[in-house]
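Quick heads-up: it's one chain on its own, the form predicted alone, in structure tokens.
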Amino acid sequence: MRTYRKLLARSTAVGAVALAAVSLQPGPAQAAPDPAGSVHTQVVGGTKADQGEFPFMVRLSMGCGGALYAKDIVLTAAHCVDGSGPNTSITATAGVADLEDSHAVKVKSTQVLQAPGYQGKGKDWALIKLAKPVDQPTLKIAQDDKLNSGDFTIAGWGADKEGGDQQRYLLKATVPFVDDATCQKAYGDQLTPGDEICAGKMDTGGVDTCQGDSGGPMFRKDDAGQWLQVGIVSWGDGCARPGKPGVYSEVSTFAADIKKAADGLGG
């Protein structure tokens, strides 16, 4: 079953990478229900990230993740938001690994831009304009697919197991690239090759994003040793199941569209 990794009211939670074991009360869902009642995930099989390790990470009040594309623009998943236009209902929390840290920076949204043409399959990206800049480093996005291989880092405050609670502390994990042919064997025509990139431990499972991780980045170091975003947490079948890798929006496919959209937001 195709399950988005966004936090929605649902009895069965679906896939992610393990974060910490403290339950968070997520804010009200701002996103419309996804097709087939999909759910976003959290990091399963992960470890706690250090304060400042991934300073570009953002937690969104509707129960999703994101990354600072610009100091006043968050890149997240299309399925985390309900269309495009003025929106002041989302709160972005940044600058901390512990969401209860007194140094957390909280900024309201002013506008949302969902990927043009998004209809619940592929094109799973969106931008959220913030009311003021966040004084944290941004995360560069991949302009081509040269680094769409090897091992990737994932991070989020989502559930640390399928059906688990949201986390207070940022969790991180490493997942290996899964080629399109192998991923299509797992998901068939649910997958949108070219729009999506897969990652996870096919044989053993055990490490993945899960509900509440949707919209967060999948990233790796570039040739200069700087973090580069290659994916956006999108969906999967459960969390960390063997033979069912996590599916991510392939950032390089949409890099030009994302830049055009960000420029339109004044980023």
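None of the values given here were measured: they were computed from a predicted structure. Sequential numbering from 1, following the sequence displayed.
Just so it is clear, the following notes concern the form predicted together with arginine, a form of the same protein that is not shown.
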query	finding
Option from 66-74, 49-57, 219-227, 203-211 whose residues, in the predicted complex, bring a heavy atom within 4.5 Å of arginine	203-211
Interface membership of residue 45, arginine in the predicted complex, 4.5 Å heavy atom rule	no
Within 167-191, the residues that have a heavy atom no more than 4.5 Å from arginine in the predicted complex	none
